[in-house]
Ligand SMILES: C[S@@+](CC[C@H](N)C(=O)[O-])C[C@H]1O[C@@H](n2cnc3c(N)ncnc32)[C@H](O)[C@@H]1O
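Taking the form predicted on its own, here's one chain by itself in structure tokens.
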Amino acid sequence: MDEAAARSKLFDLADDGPAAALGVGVRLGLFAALAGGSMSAAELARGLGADSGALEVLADALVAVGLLEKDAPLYANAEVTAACLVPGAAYLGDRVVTGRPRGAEARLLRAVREGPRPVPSAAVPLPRALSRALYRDAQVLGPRLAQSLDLARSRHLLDVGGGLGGYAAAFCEAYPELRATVVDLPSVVREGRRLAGPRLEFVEGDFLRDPLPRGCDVVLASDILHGQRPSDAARLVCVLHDALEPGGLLVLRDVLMERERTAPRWGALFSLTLLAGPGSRCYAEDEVRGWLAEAGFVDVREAVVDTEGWDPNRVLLATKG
């Protein structure tokens, strides 16, 4: 088994999203509510006393794992669900749900019932272990991403939410005339400075609240869009546009869902984790392209990055008009 396939299998085995989604669906009475026919997320939320946006994220994940079907904007029980998760002779819901919800299921249930929690006054950095893991990923993926672009004429890269600087370092290695500035939260920046080479500058700041450095002709936004709630995600795209010089290039690497947001499967399940945490989700490519156009970007296109199946994320390029 190659490395990409092994990573995919391990992540799938470690994902508790399907079990949490199933448990929450049973506890809410979601499958029973659909016994009478198709309903929209808004209709289900009203009947179940849940948050409409959060319920939609849950329902999309249940479609992704085969427990619901979707004909937008309506959801319906899949065959297996109608047979075993609607109260009746073959009902198995009481075997799926035992005792009080715990862990991921409890967090998800609270988020679906109450909606995302209030946004804290200051951003919270990623756990150090996760920052380190993402840095290791960047050491592998960064050179491949840099080599897929033509930045020979570029001189200043701004890596927004760039963590420990793995991508910025790879870009500088690929383009000797390029210098890079990484913006992230203070605790992340302190560790990044210990790892970085001399061509990387680190700036402490919250990219949604603090002014970004100016004079950059390339902005990299890797894996930060899905961490923002919808209104902040749209605002972030505008912030990235403002940080660029005219004619500058945005490199946006992130999870990009299909239009219905039920595929890819792992992205729909990842949205459950985000919903129960920062209250965000993974966004559809159509949504992201719309935000880019509204912000003033032109010539939006997808970059072809050969990661040999190692990275499921996709990359959009856009030029500041």
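All residue numbers are counted from 1 along the displayed sequence. What you see is a predicted model, and the numbers here were worked out from it, not measured in a lab.
This protein has a second form, the form predicted in complex with the named molecule, left out of what is shown; the following refers to that one.
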| query | finding |
| --- | --- |
| Partner proximity in the predicted complex: Phe202 to the named molecule, non-hydrogen atom cutoff 4.5 Å | no |
| Contact test in the predicted complex: Phe171 vs the named molecule, heavy atoms, 4.5 Å | no |
| 4.5 Å heavy atom contact, Gly161 and the named molecule in the predicted complex | yes |
| Partner proximity in the predicted complex: Asp223 to the named molecule, non-hydrogen atom cutoff 4.5 Å | yes |
| Stretch from 194-202, 123-131, 91-99, 71-79 whose residues place a heavy atom within 4.5 Å of the named molecule in the predicted complex | 123-131 |
| Proximity to the named molecule in the predicted complex, single hit among Glu177, Asp150, Asp206, Glu114 (heavy atom within 4.5 Å) | Asp206 |
| Option touching the named molecule, based on a heavy atom within 4.5 Å in the predicted complex, out of Ala234, Val140, Ala104, Leu185 | Leu185 |
